[in-house]
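We give structure tokens for two forms of one protein chain below, kept apart as structure 1 and structure 2.
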Structure 1
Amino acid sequence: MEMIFVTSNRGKVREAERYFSPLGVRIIQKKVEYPEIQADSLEEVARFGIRWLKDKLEAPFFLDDSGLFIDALGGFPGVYSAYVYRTLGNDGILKLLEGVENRKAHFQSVVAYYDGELHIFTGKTAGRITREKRGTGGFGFDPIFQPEGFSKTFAEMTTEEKNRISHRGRAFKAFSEWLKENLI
């Protein structure tokens, strides 16, 4: 079985392959631009992406949308994470949290799969925002996010360590388990 993964990020494809290759599913990366709407939830953004792409791509295909949600900022940047990272970056988030004691946060990922019908899978990783950037691995907010129960940030972890506990990995795991039960 082949499935298209709509993403420009090769690292996300490698992470997906870890879950789907053992099932005999071949992931084909497709870089297709689609509008990301301003919405209240990652699910809404992913649903819109599927609706926009369903007449342009051959099913089955999937996409993902992720965000960092910081408790003390009312869930900000959330669905605006990519934009906030591009404009404020890690330094901007750390500045917003100067003097703030509650550093709880979580990453959430939504995988939307379309096979003629829409299926949504979510994953979440709880943690906290550090007081300084640490590590050089990963991407985005990884240098300032320390997952619960760990002393390292995502950026200080190996790719394998991060993928075992990541929000996207958890969404891919739920998706792969659903595939195993329903399609394979």
Structure 2
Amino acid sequence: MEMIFVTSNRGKVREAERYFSPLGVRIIQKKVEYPEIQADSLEEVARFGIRWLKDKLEAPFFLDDSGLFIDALGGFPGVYSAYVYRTLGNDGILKLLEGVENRKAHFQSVVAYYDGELHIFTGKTAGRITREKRGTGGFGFDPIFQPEGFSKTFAEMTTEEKNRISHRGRAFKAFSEWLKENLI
């Protein structure tokens, strides 16, 4: 079967392809920009995205809304992650955390699938913000995020390694289990 992934982020598509192709699901990327509202939770942002898209695209399709939450910054950038990545980037985050001992952070992902009804799948990964950028793989904040229990950053991992433990990989796992029960 084929699944439409609404995103302009090639890195997310690569992860989805690696995750779903062994399950016989072909991922088709659809680049439709949808408004990312200011809200208190990723789930609200994802729900709004689906509401906006559902009259414009033929179902079924899914999207992913993710964020990086840094403990020492009270959970910032969280729902503002895309804006902060565009403006401050990884160097800006490292600068904000200069001299800060508590490096704890986590990623969260909300995958929203719409097939006439909305289905939400979530994943979370705890870790820490490194003191410098490491690795060239992945995308976004990957070079500065080291998941708990691992010595590599996400950017030093292969897509398969990252998928096994990442927020998005975990949301994809819940999604694929649901698909197996309901569709595949």
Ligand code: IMP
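In this text, rigid core is short for the largest set of C-alphas that superpose within 1.5 Å between two forms. Keep in mind that this is a model prediction, so the values were computed, not measured. Numbers follow structure 1, counted from its first residue as 1.
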Margin query: Just to confirm, one of these is the form predicted on its own and one is not; which one is it?
Written below: 1
Notebook entry, point to check: Can you give the C-alpha shift of R10 between the two structures in Å, rounded to one decimal, after superposing the rigid core?
Noted result: 3.2
